[in-house]
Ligand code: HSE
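The data below hold one chain only, encoded as structure tokens and taken in the form predicted alone.
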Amino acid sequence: MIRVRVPATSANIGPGFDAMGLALKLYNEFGFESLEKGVEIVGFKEKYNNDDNLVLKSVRRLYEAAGKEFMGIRITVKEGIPVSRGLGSSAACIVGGLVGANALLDGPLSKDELISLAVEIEGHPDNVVPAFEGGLTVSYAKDGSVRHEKINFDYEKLLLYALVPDFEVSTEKARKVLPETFPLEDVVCNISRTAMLVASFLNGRFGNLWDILSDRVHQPYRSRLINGFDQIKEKMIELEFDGLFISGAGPTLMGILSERDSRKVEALKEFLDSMENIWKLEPLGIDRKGVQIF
């Protein structure tokens, strides 16, 4: 059996819409075993136990790209990444399926070819690239291939706190709320802040990222889908957290502290407990390695 571990990912990182992504120490684990015939899917919720299963679709796509006949497979999963929360659960399924199937066939496709296939299935690279590479990545797709770079800095100094609610927001719904065009000043705002964000990471300056993490392309619109967003943001500013951004399409929010401060964290927990929805506050480290076969 081939076993594959894929990290959760947080896309966009504020202004880096559809271009930046970060791998997190939260994982899905998949198992793959060739069968002479048929498909067995184990460990998924019942609504995913069918031909529309994203892992299975990715396996089939890999076989097609490799020019191999698909006969049968047994897929198992141990889920650690919550679904439809903006933490890259779909990307993890795609990456896991492609990497697992590629390993079953003794690796006919290169990593770059796998990344291009993953982007073809997912539609954009901001989640799948960090899922492959680990760490913080920037990427874009062009002419069927994906250009990407990993930004290396002292990951241990970036303290992330995921605020995960008990409700979902689908990526499709989060896409629909975005306008089709943007004023030039909004585009310039995002370009300048994305460049400043990269420089801040490289220089290790994580204190007070509020202005840098603000954007005018997706967060003003998606925040309306997140019940309690404004109150949480105001409270985190009051508590002197160093920044906050919507993780991917949401509804998970990602808070940043440049230094460990248990008092701020506990105060935020108490505030979240008073909210209408149930919010889970979870510290998350940055995964450095990306997808692994083990």
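Please read all numbers here as calculations on a predicted model, not as lab measurements. Start at 1 and count along the sequence shown; that's the residue number.
Below, we refer to the form predicted together with this ligand, which is not included among the displayed structures.
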{"item": "Residue contact check: residue 243 to this ligand in the predicted complex, 4.5 Å heavy atom", "value": "no"}
{"item": "Non-hydrogen atom contact residue 175 with this ligand in the predicted complex at 4.5 angstroms", "value": "yes"}
{"item": "Partner proximity in the predicted complex: residue 22 to this ligand, non-hydrogen atom cutoff 4.5 Å", "value": "no"}
{"item": "Contact flag, residue 171 vs this ligand in the predicted complex, heavy atom cut 4.5 Å", "value": "yes"}
{"item": "Proximity to this ligand in the predicted complex (heavy atom, within 4.5 Å), stretch among 67-75, 186-194, 119-127, 140-148", "value": "119-127"}
{"item": "Residues of stretch 240-255 in contact with this ligand in the predicted complex (4.5 Å, non-hydrogen atom)", "value": "248, 249"}
